[in-house]
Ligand code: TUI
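One chain is shown next in structure tokens, namely the form predicted on its own.
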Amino acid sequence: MVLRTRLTELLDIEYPIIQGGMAWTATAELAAAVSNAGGLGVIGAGHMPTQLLREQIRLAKELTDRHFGVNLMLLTPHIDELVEMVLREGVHVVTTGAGNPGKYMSAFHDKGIKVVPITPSIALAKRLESIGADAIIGEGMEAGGHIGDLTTMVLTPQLADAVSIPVVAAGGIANGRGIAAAFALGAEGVQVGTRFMCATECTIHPDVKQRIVKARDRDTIVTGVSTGHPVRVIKNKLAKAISELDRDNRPEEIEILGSGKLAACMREGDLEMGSIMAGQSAAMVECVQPAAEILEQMVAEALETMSRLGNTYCTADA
């Protein structure tokens, strides 16, 4: 038994597992490691300067001869520059968030780049399919970072019914049982972020990795709701301060307080006043280990789970 789906064929990868394109976290080193292990590694562009993203893409090409992607945040002020550079440098896949990639779709496809947008809703997914998206990542509110209103459990089957292109489930998936569940809901692949934060090759501060490993089931919180852009993080002093501003409906102050805090966490290891963007699945991450081991364990558990469920609940007629 192997995990082969339309997504693996579309992206030419061994396993239907996409590594989340997390800003300040998903660097070339992590993306290359995931791709080398059979998944799709993704560099998180975030608000990177254009030259820095170019360097990251070129470094990834040195570290792997397999396909990898770039995640582009469409609200980035210099997004047009980033898109032009990605088109020149060439990658296999672009995942997009925070907007509609329609204005760039033809240019990406002309260069043979697959476009896989992230969506938190059914209406946007239908729109994205109509303008040429190659697949859809449906991200539930269990995910870390910016989130929508629907859970992965509810969003995934509705997306599978609403569009004809492959659906990738994201949010709350950190092991093979999560993959099996996503497949049962109609997905043909998964996107995994938080668990890959604890990959050996991930370059975030070691203290952040240890905080994720120590996380318990209720250690994350959604902050910044009053800004209209809620964010899931692990609880700390910053999260408490933002929650208090949320209660008083002071979004402008939240924006000021939160500026630069993600980098302070991931690069400098500030666990109190840094933004520890991680999903609810942090409680299921048990250790720091190489990306290849993470993929091998997830795939093996997914196959074992699906086989066990079939044997348990499917019986031949007497």
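This one's a predicted model, so the numbers in the text were calculated from it and none came from an experiment. Numbering starts at 1 and follows the sequence shown.
Just so it is clear, the following notes concern the form predicted together with the named molecule, a form of the same protein that is not shown.
**OP:** Indicate whether residue 100 is a 4.5 Å heavy atom neighbour of the named molecule in the predicted complex.
**Re:** Because a heavy atom of residue 100 falls inside 4.5 Å of the named molecule in the predicted complex, the answer is yes.
Original post:
Just to confirm, residue 127 within 4.5 Å of the named molecule in the predicted complex by heavy atoms?
Top reply: Answer yes; at least one heavy atom of residue 127 falls within 4.5 Å of the named molecule in the predicted complex.
Subject >> is_contact(residue 118, the named molecule) in the predicted complex, heavy atom dist at most 4.5 Å >> reply: Yes, residue 118 lies within 4.5 Å of the named molecule in the predicted complex.
**OP:** Look up in the predicted complex whether residue 147 has a non-hydrogen atom within 4.5 angstroms of the named molecule, and give yes or no.
**Re:** Output for residue 147 is yes: heavy atoms within 4.5 Å of the named molecule.
Original post:
Within 4.5 Å of the named molecule in the predicted complex, heavy atoms considered, which of 37, 277, 254, 282?
Top reply: Checking each option against the named molecule in the predicted complex, the one that comes within 4.5 Å is 277.
Subject >> Partner-contacting position among 235, 205, 229, 177 - heavy atom within 4.5 Å of the named molecule in the predicted complex >> reply: None of the other options qualify; the answer is 229.
Subject >> Among 107-115, 241-249, 72-80, 86-94, the region lying within 4.5 Å of the named molecule in the predicted complex by heavy atom distance >> reply: It is the stretch 72-80.
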